[in-house]
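Shown below, as structure tokens, is a lone chain in the form predicted on its own; questions about how it binds or moves come after it.
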Amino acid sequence: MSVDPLIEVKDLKVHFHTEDGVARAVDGVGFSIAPERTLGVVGESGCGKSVTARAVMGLIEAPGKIEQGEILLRHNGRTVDIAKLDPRGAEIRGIRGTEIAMIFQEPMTSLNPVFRIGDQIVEAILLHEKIGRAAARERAVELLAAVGIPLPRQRFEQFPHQLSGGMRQRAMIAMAMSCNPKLLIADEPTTALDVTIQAQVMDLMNALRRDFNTAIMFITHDLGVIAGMADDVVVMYLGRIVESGPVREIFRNPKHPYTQGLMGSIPSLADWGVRRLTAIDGVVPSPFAVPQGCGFAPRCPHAMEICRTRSPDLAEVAPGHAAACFLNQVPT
């Protein structure tokens, strides 16, 4: 039985108008996330992952602008297009925190250094729920305990600089989950953490998804992390989705050369001393100067003449699995 998506993004374009020109940060992105599912969004820095997330949150500010597209959220029994809401209006402020919450990339810059950890969580609860401060305080302590922070009442009274990186990230997760959002956006929440803490944070988020029935949009540059977190994957490059599908299908049979390059860069103990890791030549082009044709063509080892003049559409290569590459399509 098919389930209606919680959120559906259609042909989203976000451009930044600057003195140097127009940067097409997101250029026609589309995906959906079903309730209680995790969508992994993967790609190198500069591919548009975080801008897409901020658009879903209604946080695009000048000089950025949503040029076209829809961000459809099922909210209170109706469908709301976030792309058309006033980013400072009451409706989007009511959605943030209660319907959609976000864990930002670096907790030290997201938490206010002059306020205690507990007070910042209490403020988020009081903003969206009609309960007293004492009840909000107890809820905050319970959340700190739920995300695995020891001595939660003591940590409640501490400032961000008094917590380790892993604890700050857990506090950010507690704040994001304070109002039981239907969708949690995690923007590279494990990037600044060591491997053991990364594993703990991933286990915590999977547990929260089960306990709170929350859908997750998990953004990372690390396909290894995606393997342990996601149900479905979209691979982004230069503001576009170049491949999408179920996580097992993507890992078993990647179809786009960019995805294959990312897969080849993952170290494996089974291949230790047998093969060298694959390096993707070059760098992501500037969004101010997107190359003609396929954006990956200048770095692609399989590029053909058509790739330099035409941009391939995202087309199905297997049930539920799509890729934007002429190697898998018959040009028309």
Partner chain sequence: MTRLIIGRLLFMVPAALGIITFLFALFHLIPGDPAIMLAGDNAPRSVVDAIREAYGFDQPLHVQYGRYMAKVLQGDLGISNYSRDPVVNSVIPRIINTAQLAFLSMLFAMIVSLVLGCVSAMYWNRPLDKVVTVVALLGICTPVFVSGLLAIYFFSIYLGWLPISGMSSWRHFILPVITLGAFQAAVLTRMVRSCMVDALGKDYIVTARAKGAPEFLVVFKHALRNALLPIVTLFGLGLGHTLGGSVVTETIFNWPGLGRLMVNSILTRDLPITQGAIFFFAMIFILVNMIVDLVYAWVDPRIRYD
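These numbers come from a predicted model, not from an experiment. Residue numbers count along the first chain shown, from 1.
Another form, the form predicted together with the partner chain, is not on view; read the next lines as being about it.
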property: Distance check, Gly132 to the partner chain in the predicted bound form, heavy atom within 4.5 Å; result: no
property: Non-hydrogen atom contact Arg153 with the partner chain in the predicted bound form at 4.5 angstroms; result: no
property: Close approach of Arg116 to the partner chain in the predicted bound form, 4.5 Å, heavy atom; result: yes
property: Touches the partner chain in the predicted bound form: Arg209 (any heavy atom, 4.5 Å); result: no
property: In the predicted bound form, the one of Asn112, Asn253, Thr79, Asn180 near the partner chain [non-hydrogen atom within 4.5 angstroms]; result: Asn112
property: Stretch in contact in the predicted bound form with the partner chain, which is absent here, among 71-79, 86-94, 136-144, 209-217 (heavy atoms within 4.5 Å); result: 86-94
property: Contacts with the partner chain in the predicted bound form - residues in 144-166 whose heavy atoms fall within 4.5 Å; result: Phe159, His161, Gln162
